[in-house]
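In structure tokens, the next block holds one chain alone, the form predicted on its own.
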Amino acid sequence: MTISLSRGTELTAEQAEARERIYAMPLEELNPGDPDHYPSGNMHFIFERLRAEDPVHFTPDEHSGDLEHYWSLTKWEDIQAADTNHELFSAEGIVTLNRPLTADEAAAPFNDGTMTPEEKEAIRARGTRSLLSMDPPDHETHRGAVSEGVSPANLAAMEPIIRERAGEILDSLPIGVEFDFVDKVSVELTAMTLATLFDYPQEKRRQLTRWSNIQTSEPGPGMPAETMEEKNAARREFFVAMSDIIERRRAEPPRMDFLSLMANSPHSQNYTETELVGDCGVLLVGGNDTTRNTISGSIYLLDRNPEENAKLRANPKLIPSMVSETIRWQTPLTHMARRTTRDVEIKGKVIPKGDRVAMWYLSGNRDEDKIQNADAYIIDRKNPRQHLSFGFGIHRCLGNKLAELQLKVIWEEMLVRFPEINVIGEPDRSHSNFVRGYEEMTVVIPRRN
């Protein structure tokens, strides 16, 4: 049985106890943004209850931890409606439910040690803007600057490169010996592809992974950055590296990588420093987390669902469908946040102007009113691409086709090499309310074909 299944599925004693505890809580105390719920999968029980009892849910300050008060949309139809209406639900200056940054934290990437308190506060007040946290017309300008990097023609050119690298990675894996699949395969393939997208030195590709991991997690023991000082130092490293590369690319002939496209955009000379680091950060995280965690998720889910695994191995033509079902079931990025531009009424609840709203893709992807048997993992669904994981509207995931391509290629190459891949124990899952990922997952490959 897969972890975090709920309705209609037999639960473990631990899951049943967690579900009972969540259903016994007053509704106003439910905080779906609490990252403590995510490694265990218990957030699914919160979303299950909210979809049934309070689909437009308010979490007040006293129950939101350090996130401050916010609203949650948990039903498919409401999420889609909000995601496609940027006039009512603005992305300006907001991406996720992360806690607000202090002036020092906001200014850290840009601070060379000479910044005044007033300058730091100005950056904090302005917020980090990116193509994900802009409304039109700025959004179109920033997205358009880099979209050619994942054009159909560019993806066609990248496919043989991805396939060659996937083959090299898989051929290097040990047989009959336990190893961490996340590190050896998922991280390695996505790091190679990300370095190509940035035209960044392949020998330094794990720097990109590190920067992405630090950017999407709060500091703490065992986290990618253990202190806020370490996180701020890494954010500055990333900004300086990207700024230097973009400056060099402006003096070079245009190429198809993201940084060259950004450097040679007629608009980029007018980008602020916060917009520059914001766009680079979005491309970094988008190119890393979605694909990496879906690759790991597919290994885990097929191991825990042997009937689906047998279907795939009997019919490799199901790979594209399996990829889409894994992206739905995994939902690698759990939510995006917006801010209302005026009072908005949804299902009898009035969300005040200026309040934050979380569109919980993870919950919408389990909405039984939209997806039949939504908690189950079924690789041959009739409409496998019917999911919320890439978002809707103007902010739909820029690299969704590249993510699907990498997943298709790695599975085509795995099927011809390995008759089975067995997951040992439970993986170590990410402690995050945004990235639904895997830190480590031990597997063993008994033999090659």
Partner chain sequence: MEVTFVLQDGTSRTVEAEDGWKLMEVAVDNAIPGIDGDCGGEAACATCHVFVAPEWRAATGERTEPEQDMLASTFGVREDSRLSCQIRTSAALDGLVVEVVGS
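Residue numbers count along the first chain shown, from 1. Worth saying up front: this structure is predicted, and the values here are computed from it rather than measured.
The same protein has a further form, the form predicted in complex with the partner chain, not shown here; the description that follows concerns it.
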| item | value |
| --- | --- |
| 4.5 Å heavy atom contact, Val150 and the partner chain in the model of the complex | yes |
| 4.5 Å heavy atom contact, His63 and the partner chain in the model of the complex | no |
| In the model of the complex, Pro39 touching the partner chain (heavy atom, 4.5 Å) | no |
| Partner contact for Pro419 in the model of the complex: the partner chain, 4.5 angstroms, heavy atom | no |
| Answer option from Arg165, His86, Arg356, Arg249, heavy atom within 4.5 Å of the partner chain in the model of the complex | His86 |
| Single option in Arg339, Arg205, Lys231, His139 placed near the partner chain in the model of the complex, where near means a heavy atom within 4.5 Å | His139 |
| Options 55-63, 41-49, 419-427, 388-396; stretch whose heavy atom lies within 4.5 Å of the partner chain in the model of the complex | 388-396 |
